[in-house]
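First, one chain by itself in structure tokens, the form predicted alone.
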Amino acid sequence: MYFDAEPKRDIRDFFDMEEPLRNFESALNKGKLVVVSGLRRYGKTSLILTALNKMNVQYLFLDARLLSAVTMISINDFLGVLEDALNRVSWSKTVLKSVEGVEVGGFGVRFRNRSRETLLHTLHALSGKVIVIDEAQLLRRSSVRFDQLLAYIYDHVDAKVVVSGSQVGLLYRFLRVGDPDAPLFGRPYIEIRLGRLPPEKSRQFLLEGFSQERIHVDDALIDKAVSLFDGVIGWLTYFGFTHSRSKEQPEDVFRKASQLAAKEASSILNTYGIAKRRYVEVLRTIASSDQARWSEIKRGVEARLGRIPNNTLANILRNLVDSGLIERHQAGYAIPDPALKNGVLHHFSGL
């Protein structure tokens, strides 16, 4: 069902993604490293899971968001996520039964020695599998060089790796594929980048989704939802799911989505400590226009907080772009997520 709130795993539930699916399958067949990027709620996880299930390959899905509360990620932390993922697949006991440092029994898979050596032994045992690391940019918060670990897998392990991230700039800061001094430099990779649905596809998605739910909706409601959620398939799914069950109107669902997006953004900005206030004011200024130029942003922030040095503002804007909260265009900066833009304007004051 299109309006299922969980990530899609079956191609029958995956709306109009034939081209990204073909591109992903081709990329995985041709290379060892695939990067799937796109903003939040653009369908990255659904694409990966649907494609891998369609290809009928054995894969391990590591969700780095499980480490989001960890200040500095250690090998032990990463092994915890790996252990959890291994216990979610049926084939893990077979491939790990004789791996040094790993205990296999009725309880599942457990790392007896939580060390770098155990991690490397485990990775070699995953030969022939696909290793997925979702929201991989979170692994930057570590003294461990996880990009070096990816390079090791690339060079020495007969496994393929898929990394995804919604904070696209931070993902590339983590991978450093263009840095001659970085471990992954020179190793070919293929990127699949997801974007928003055009209006006609958004409309089709909602109409087909409501048809699956056996619910009749009028054109005015569809048009309003298409306008508000602006092609973000995650938000369109959220609206379809909510309206199908509670008959809430697009404006009411959009308000809830805006509150949720604002809360998520505030959580991201918490990492900047006392500088958060400046980040909030920059976002507010950008949200107040379709595309805000540098001079407008500087004036808006200084009107509320006083003087801000140019280099400080430049760093804030770069960090917001890398975090996926804003985009830079030729005409200026903009917030691409319509719910987040509304949330910044109306729901940031109490955060």
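Counting begins at 1, following the sequence as shown. This structure is a prediction, so every number in the text was calculated from the model and none was measured.
There is another form of the same protein, the form predicted together with a small molecule; it is not shown, and what comes next is about it.
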Check for me whether the small molecule, as it appears in the predicted complex, comes within 4.5 angstroms of all of 32, 58 and 131 - heavy atoms only. no
Check each of 293, 299, 65, 318 and return the one that places a heavy atom within 4.5 angstroms of the small molecule in the predicted complex. 65
Can you pick out, from 174, 205, 254, 279, the residue that has a heavy atom within 4.5 Å of the small molecule in the predicted complex? 205
Give a yes or no for residue 347: in the predicted complex, does one of its heavy atoms lie within 4.5 Å of a heavy atom belonging to the small molecule? no
In the predicted complex, does residue 45 come within 4.5 Å of the small molecule, counting heavy atoms only? yes
With the partner left out here, check for me: in the predicted complex, does some heavy atom of residue 25 sit within 4.5 Å of the small molecule? no
Residue 327 versus the small molecule, in the predicted complex: is there a non-hydrogen atom within 4.5 Å? no
Location of the small molecule contact in the predicted complex, chosen stretch of 282-290, 300-308, 35-43, 319-327 [non-hydrogen atom, 4.5 Å]: 35-43
